[in-house]
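The chain below stands alone, shown as structure tokens; this is the form predicted on its own.
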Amino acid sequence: MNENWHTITRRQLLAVSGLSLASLGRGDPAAPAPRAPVAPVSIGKCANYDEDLVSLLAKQFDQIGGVRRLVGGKTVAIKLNLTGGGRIGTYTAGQTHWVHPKLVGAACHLMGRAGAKRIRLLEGAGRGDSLEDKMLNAGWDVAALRSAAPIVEFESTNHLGSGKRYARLKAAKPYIYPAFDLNHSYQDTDVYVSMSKLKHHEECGITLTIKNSFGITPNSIYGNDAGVDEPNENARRGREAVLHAGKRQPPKSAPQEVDFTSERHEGYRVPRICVDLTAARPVDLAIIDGIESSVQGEGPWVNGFKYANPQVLILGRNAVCTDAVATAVMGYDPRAKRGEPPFHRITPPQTPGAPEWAENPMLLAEAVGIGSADLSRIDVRGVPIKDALYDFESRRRG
């Protein structure tokens, strides 16, 4: 059997006019998809970050309903994807595994011009650094970002930060956690924007909008060195023990798992936790940076990680719909099952005999009513999927 039978080829996309791929190897092709919410998604083409990003973003915002209606007179929180550190060759982090600072600046400028009252840039910064320090260490022009709109603030959400208490946000139909204690910025906002990168993920297959939600969890509560009873504001380590593997629980002060007997495998846990987080803190606008990117993993620490140039920018108002279109642009079926690319480990697990699959977070999200992964129901605007297709799988293997 051809091991790539479940990926989308350009010929297949042309055959279905860039629409539904739900019947490609998905069991009963007549079975209806769950009637989850849908929203339009825009695809734009852009060769590099030196192009007119403001004009491109403005056009795509208009294609999905306009930015002024969304942000005018409101506080906007933007969760960036600045995972890890390092770089490969001469490429900057923004060209491979982080969202690019020029794109962040363009988005802030447009939202400020549209009347946003306040813009907060959010992401976890390791080792106790401020978010500004993390950006400066990577060569970002923080002053330019700060002046991109009338009020631009920065906050590392790995800890309590500038808030007086953590915000408890609940997931209506939880898989793993019924609620999460998060930095106040994820609650103290009118509009929540996710800016993620179009790329693979070592354990979960892909990193898009839903996976970007994983990074909103504070290390002080969900980190390996979080407190037993209360948050540890000096926590510096990652979230592997608590979230990835479920080897320990968050502090007793935080919501505990709904089922302590559930699977401890990260391919089972991480996609479900990401969906719980997306349900608890819904995304009002998803921006996926695929202008320049990478294949084989989420960062340069992954063996075989390499540069890619998809030349696409994808925007939508629904996290699931936007991720479904982005997955198709990557050449994959957004309705793929666990163990089928891209929902498998792209590097062998370190523990012999450990499962190599990951669940499809879009289907998990669809099942609890967050959005639809059915391309036949999504109004794709701008560039058609077939004209934006970038075969991530062949480049990963090449």
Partner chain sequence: MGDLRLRRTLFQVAGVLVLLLSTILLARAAGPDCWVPARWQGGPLEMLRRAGSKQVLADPARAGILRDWYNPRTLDLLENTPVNCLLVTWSTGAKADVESEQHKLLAAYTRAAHQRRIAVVGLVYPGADPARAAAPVVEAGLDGLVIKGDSAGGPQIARELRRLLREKNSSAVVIALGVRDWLLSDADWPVLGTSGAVMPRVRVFSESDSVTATPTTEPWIDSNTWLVRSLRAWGGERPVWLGHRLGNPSEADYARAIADAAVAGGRWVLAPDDALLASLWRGQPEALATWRRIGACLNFYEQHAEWRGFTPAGSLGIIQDHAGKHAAMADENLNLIARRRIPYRVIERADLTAAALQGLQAVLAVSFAPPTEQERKLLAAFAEGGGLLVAGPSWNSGTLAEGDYAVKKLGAGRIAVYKQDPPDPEALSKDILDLLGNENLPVRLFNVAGMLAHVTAGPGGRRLLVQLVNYATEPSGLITVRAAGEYHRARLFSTDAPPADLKINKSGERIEVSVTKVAVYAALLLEK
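Quick caveat, the model's predicted, so the values are computed rather than measured. Residue numbers count along the first chain shown, from 1.
Only in words, not in the display: the form predicted together with its partner chain, which the text now covers.
- Using a 4.5 angstroms limit between non-hydrogen atoms, T90 touches its partner chain in the predicted bound form.
- When contacts are judged by a 4.5 Å heavy atom cut-off, F180 does not count as touching its partner chain in the predicted bound form.
- Not displayed here, its partner chain is kept clear of K170 by more than 4.5 Å at the level of heavy atoms in the predicted bound form.
- Interface membership of D190, defined by any non-hydrogen atom within 4.5 Å of its partner chain in the predicted bound form, is ruled out.
- With the partner omitted from this view, the residue of G84, G72, P282, P150 that lies near its partner chain in the predicted bound form is G84 [heavy atom within 4.5 Å].
- Only one of the listed residues (V258, L136, A245, A144) places a non-hydrogen atom within 4.5 angstroms of its partner chain in the predicted bound form, and that residue is L136.
- Heavy atoms within 4.5 Å of its partner chain in the predicted bound form are found in one stretch of 206 to 214, 299 to 307, 150 to 158, 318 to 326, which is 299 to 307.
- Contacts between stretch 233 to 265 and its partner chain, counted in the predicted bound form as any heavy atom lying within 4.5 Å, involve R236 alone.
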